[in-house]
Structures are given as structure tokens and as C-alpha cells.
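Subsequent text provides C-alpha cells for two forms of one protein chain, presented individually as structure 1 and structure 2.
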Structure 1
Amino acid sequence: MKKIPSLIGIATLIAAACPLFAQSSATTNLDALLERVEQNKILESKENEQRIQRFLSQQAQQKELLAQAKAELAAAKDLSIQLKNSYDENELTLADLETQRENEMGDLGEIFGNVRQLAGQFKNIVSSSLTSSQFPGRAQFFADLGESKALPTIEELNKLWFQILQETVESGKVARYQAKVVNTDGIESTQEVVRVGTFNALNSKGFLDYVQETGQLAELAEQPKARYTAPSIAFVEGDSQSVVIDPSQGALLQAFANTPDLSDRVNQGGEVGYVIISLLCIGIIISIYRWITLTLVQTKMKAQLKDLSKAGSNPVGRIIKVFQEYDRPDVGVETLELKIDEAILKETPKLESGLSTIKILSAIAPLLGLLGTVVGMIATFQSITLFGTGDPKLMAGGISQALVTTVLGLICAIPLVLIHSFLQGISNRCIAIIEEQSAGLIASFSEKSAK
């Protein structure tokens, strides 16, 4: 069959190569082609006949093979039925054995369930318990026992019982042992540790924290106040019988470390807080200066009032000088009064200076506190706008500022108000003496000395 395209190809090749005499030789070529196709057809039919002959001769052989295969199939089916029967029988025996086993096991199944549950629960207790720093690697055993599908062995059951008993006994003991401790710089070292029950562990520096994830003891970043740590350290050194423990197993110690101390509090006040504190400092410096000068003036004046004969360098003394100068028969009473008033007017501002500043500072401090409160509330509301109200800790910064500045304002204002009132009292008395009393006293003195 493949010959036909090649023949046509040859034919076209010839036709293309000899276009000039195509008209005369084309018919003869096509006839030759036709003839050759005819011959090929005869050849093919011969081959076909041969093939059919071959198939017919093999037919008997094929029938034989078919019979053989059918026999094999029948044998296999027989075997299948046989095996199925034996499977069913085995199934029944298995069910029998199962019920037999269950009858024989009785309540043991429940017990194994309890063992698994107990081991699972105890794993949590052991992994968070302080005793694990003394006996490491116990949690893995409980974890394996709690999760295993196999029946626990007698050894495992005994170990479970022993470990639970050990935990119970150890939780009631004060134990000294060597353990790895991570200090605040992250450096690990083995040192003597005292464990008080399951409450707290201590070393010579103070309380330790049990880190559950690593199973190690770590020094606290911030120890509680000395009055709590001092007896405990003495206990570790063996100098004391009393010890302070944290019954919440570390939570209170953490809370102590998180509680802000005085400097933290002051820092929470922010810029406004510092301004208020500097105002208080300025006010106190002015107050101390004014108090010293006023007391000096007051004592000098009192001494002067007792002895009016010698005019000293103090307000009353200066008024006496004026009086002595103008208390003459040739000077009129009006002139004397005018001169004295003039001298008094010169003295009063010196006595009152600085007091109004203290008063203003005492008035400004609560106002600044209020300013800080509002600034803090703005910060709070900004954080609410950004993060919502979900986390109270985010809002705490602004609220602390608000409250701390108010406190600082009051702490600044209260002493300044008291100091101002005290100093104002002294200065008012001095002014009353020089304005109203001194003239009269000097007059009566001059009357007496004239007699």
C-alpha cells in the first residue's frame, strides 16, 4: 500500500521533468501504473488466503487452551469458597476469644484508663513544680505513659506510684541541693540552692524563679524589697530559722518586680511632672531664703523693741532714727508723721518680697497637675483610637501620667500653701509692728525719757 504515494510521486516527477513531451508519453505511463496496481492486488489476495489457512489450522490448538483456562478458574473458585469458610470460622473463634479476654480482664481496662489520665494530669503538675529543678527529666516519663496506647507494664505502674509519692513527700520538705542557676546576665552555673516546699527556691542572692520551659532556675531580674529578701538570704546562709515565702509560687514575686517604685512613678508623670517638681524646688529655695531673712529681721526687731534707746540696723531701728531726727519742737507734728510714713513705706516691700511668688507657685502647681491629667487623657484616647479598648495595659501609660501629675501637683501645692501662710504670718506681724506699733512705742519711750 505504501507504494502508491511513491508511485504517484514518481509520476508527478516525471510529468514535471518532461513537460514538453507530456502530451504524447502521459497515456503510456498511466497505463503502466494501472497494470502494476493490478498485479499488486493479485499478490495481496494471495497473502490473505495464506493467513486464513494459518488461522484455520491453529483453531484446534486454541480450543484446547480455552478448556485448560476454564478448568483453572473452577479450581480457583473452589479454593476461594474453601478459604472464605475458614475465614468465617476464624472470625467466630476470634470473637469468642475476645469475649473470653474481656471476661478475664474484668475492671483492669478502667484501671489502665485511670493510669493514663493520672499520668497526663501529673505531667502538668510535675512540669510546673519546683521539685523538678531537683529531679529533672520526670515529665517525659509521665508524658509517654499518658499518651501510649499499649498496656502499661508493672514497672511503669510502680514508677508512677513512686513518683507521685516522691512529689508529695518532697513538696513538704526544705531541701538543699546543687542545681543549675541562670543569672541575670544569662550565664549558667551550678550552685547551692534551697527549696522551700514547692513554694520558692532561694540562693545566696535571693529568690529564684523556676522557668517551666527550660526546667531551670533563674535569678529574678528585680528582687523584692530588702525586708522580704533579707530574712530569706539569712535562712540560706543558715543564720536564721525564719524565711519569707511566696505562697502563690512566684506570682507575687513577679508582681513585686512589676510594681513601679518612686522613681518609676515620677517618670510616669512625663515632662509636666518634671516642670511641677522644678516649681516645688524653686518654691522651697525661695521659702528657705525668705524664712532665714524674715527670722533674722524679726529677732532683731524684737531686740530693738525691748531696747529703744540705741537705733540698730533693722526696720524699727531706722524708724527710731527718723523719729530722733525730727522729734524737735521746731518741726511740726505733720512733718514728723510724714517722715515716719515715708520710712515705713521703704521697709514694707522688703518684708513682703518673694511671698507672692510662693503663693503663685502654690496656685500654679495644681493647674499644671490638671494640665498633665488632660495630656495623659489625650494620650489614652489616642491609644484607644489606634488600638481599641481591648488591652487595658496600652491605656495604662496615659492614665498613669494623668494621675501622677495630679498627685505631683497636690504634693507641690500643699507644702507651698502651708509655707506661704507661715511666712505671710511672720511678715504680717513685722509689718503691723513697724506700721502701727513702732510709732506709738517710740512715742511713749520718748515721753518717758523726756521726764
Structure 2
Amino acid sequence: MKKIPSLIGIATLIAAACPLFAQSSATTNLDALLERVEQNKILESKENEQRIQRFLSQQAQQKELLAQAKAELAAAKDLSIQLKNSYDENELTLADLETQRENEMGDLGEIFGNVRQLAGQFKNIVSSSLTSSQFPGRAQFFADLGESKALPTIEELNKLWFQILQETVESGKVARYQAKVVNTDGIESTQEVVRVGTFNALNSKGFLDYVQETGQLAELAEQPKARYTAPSIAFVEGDSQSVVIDPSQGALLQAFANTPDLSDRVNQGGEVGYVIISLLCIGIIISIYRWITLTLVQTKMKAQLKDLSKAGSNPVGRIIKVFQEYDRPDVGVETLELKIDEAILKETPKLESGLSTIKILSAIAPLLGLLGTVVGMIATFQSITLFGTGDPKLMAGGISQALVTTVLGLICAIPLVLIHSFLQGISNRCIAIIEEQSAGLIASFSEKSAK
């Protein structure tokens, strides 16, 4: 227990000594920092001194460089003035030379201008000429010469003259040569082609069209009529000396090829046109049947009129049978007259059968034609509404339908009206004969009864 107070005393001494030790260490660090700051200040002063010395040493050099640059600038300005003066002198010299050149050229400039103009015009001729299918590549020469700003050379002038002369000579020739031809399926092949001047190109199938864009010959999608094509094919095969020539270089033949034939015209009428044609066919069939029937009946009636004693199988014969059946003393005139009138009423519808149908068909056909006209005009106005009036081909379909149906309606109505009138006349004559013979029979019966 005596050691405890001694330990407390030692601890008290240590606690009193620690603050003193910390205060001594902080003082040492501040001194070192102060010393380091002073050293850095000394170093910075040295560097600034060195920088000032270096700047002062380079200042003289910069002055020399500035003086040198000013001297070069002055020299450049002098050179610029000299070059500008030289440029102005050259411009004046060039203008004098141009004037001298124009004076020396004289009419040659106008001649070369005409050459370029001629080359440009001939390019268009050669591009569309059939001779280019035999001599390809000429259009480019004329195009280059026409667009050139330089004076043409002697070789170019000679070539221009030769090409013009060649085109003139070939336009009067009939030539056979091998050329590439594109058929209607787009397949290209090399064939023998006959060129008639610059008017037509032919092969074994007919006329050919020269496609300017590709420089090739192409078969027409549809050849002109046989009266134009057949002699030309025979000419190609060497069987004929005559050939059809199109002076418009294919335009007329193309128009003939595109001219619609009868079937195309009928198809332009559309559904209404087909109905009208069907009515015409039905009317003609009925008319033929009724004409045959009435002719046979009329023939039999004429034969019956020559011999009234034997009742045949015809309207007059059947009237005679009725008369013979009731030609008895117990039958009065009124009864016989009624029986004969009944027989006449049975015969009349047979003789007029089918005639009313023909008459109705002849009346319906123009109305259907009018209906087709209205439908076609509606289609035309729809085309105008959608596409305007810029392209007449877009309106041609509706107008064609309107006109074709009108024509078909009249073509159907006019013959049916004539046929109906003709058959109605035969029927009326037959009925008149029946009534005439009936009246004669009744009159003879009345005379007999009166006796």
C-alpha cells in the first residue's frame, strides 16, 4: 500500500511534462517552414533575374528580325507593283494580238461558225437516219464538232465533208447488210437487213423501226396490214421488185399499224357493244327462221289456191277443211262464219310469230347505243377530272366507246327495221289471202243456202 502514492506521483510528473514537449515540436516546424520560404524567395529572385537578362539579350535580336521583315515587305510591295504593271502590259498586248488575229482571220471566223452550225444540224439528221444502223457512231463526231470552241482541223473538215457526202449517197441506195435487231420479246440478234434509202428498214418479218436512243433496229409490235407488209417481205426475200416506201420514215406505217381493225372497233364498245351485237345476232337468227317459214307457207298457199278441192297443210287448206266440215244443210251461215273466223284467229298468230320480237329488238338497239354513249362520256369526264385535258389519249377510250356503241346501235336497228317490214309484208299478204278465201267460201255457202 505504500507504493501506490509513489506511482501517482510519477504519473503526475509525466502529465505535467507532455504539454511542454508538444510546444517545443511546433516551434521547430515553423522555423523550418520559414527557412524554406526564404530559400524559395531567393531562388525565384534568381530566376527572374535570369529571365530579365535573357529578354534583354533577345531584344536586340527581335529588333533585327523586325527590320528584316520590314525590308522583305517593302521588297514584296515593289515586286507586286512590277507584276501588276507587267500584267497590265500583257493585257494590252493580248488585246492587240486578239485584234490582230481577228483582222488576219477575216472571213475564216464566219466560215468556222458555219461549220459548227452545219455539224450541229447534221447531228440531228444522222441521229434519226436509218443509215446510222449501218454506219454507227457518226452522231458523236458531229456533236463534238458542233460544240467545240476551238478551230476545226483539216482532218475534221475532211471528215465532215466525207460524212455529209456518204449520207447523201446512202440515202439513194438499197443496201443489204448485217445489223443487230431487237425483236418484240426484247431479244437482240444479228440479222440480214434491207434498207431502202432512208425511208424503210426491212427484215424477213416485215418493217423495222430505228430506235434513236439505242441506235438499234427493232421489230414493230404490230405490223401494218398485209397489203403493205407482204410486198415488202417478198422484196426482202428477192421474190419481188416492188416495195412499199414510207416518205415519213416510218411514221405513216406506224400509224397504219396502230389503226384499229374491226375487232378492235368492236372491243372499244365494251360490254354495251357486246349486248347490242348479241341482240343483232338474235334478231337475224329469228328473221332467217321466220323468212324461211313464211316463204314455205306462202308457197304452199299459192299451190293451194291453184287446187281448192284438196285441203293441204297450210292456212288456206285448214280453212277449207273447216268449210268442208261445216258445209252441211243443217249449219247456218252465221255458224259457218263463226267457225271460219275462229280458224282465221288460230292461223294469224302463227303467221305473225316472231315479228314483234324483231320489232322490239330494233327499238332496243338504239337505246342501248345511247346508253353506251352516256357511259363513254362519263368515263371521259372521269379521265378529265383525274388527269386534266393535257393528254387527249386518256380521253380517247371513253369517246371511242360512246361513238362505237352509237354506231353499233344504228347498225343493229336499221337492218332489223327493214327485215321486220319485209317479213310483216309477207305475213300481211298471207293473212289477206286467208281472209279473201274465207270470204269467198262464206259467200258461196250463203248462195247455196239461199237456193
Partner chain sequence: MFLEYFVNLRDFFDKGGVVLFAIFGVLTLMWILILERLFFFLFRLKDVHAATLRDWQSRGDKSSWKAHKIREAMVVTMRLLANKRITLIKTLVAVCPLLGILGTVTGMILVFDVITITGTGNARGMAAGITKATLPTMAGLVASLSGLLCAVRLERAAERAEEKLMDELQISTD
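Not measured: the values here are computed from a predicted model. Just so we're on the same page, rigid core means the largest C-alpha set that superposes within 1.5 Å between forms. Residue 1 is the first residue of structure 1, and the numbers go on in sequence order from there.
### Task
Pick out the form predicted in complex with its partner chain: structure 1 or structure 2.
That would be structure 1.
### Query
When the two forms are laid on each other by their rigid core, does L33 show a Cα shift of 2 Å or more between structure 1 and structure 2?
After core superposition, the C-alpha of L33 moves 2 Å or more between structure 1 and structure 2.
### Task
Answer yes if the Cα of L370 shifts by 2 angstroms or more between structure 1 and structure 2 on a rigid-core superposition, and no otherwise.
The answer is no; the displacement is under 2 Å.
### Query
Does P247 move its CA by 2 angstroms or more between structure 1 and structure 2 when the core is aligned?
P247 C-alpha, core-superposed: shift of less than 2 Å.
#### Entry: between structure 1 and structure 2, how far the Cα of I442 shifts once the core is aligned, in Å
Between its two positions, the C-alpha of I442 lies 8.3 Å apart after core fitting.
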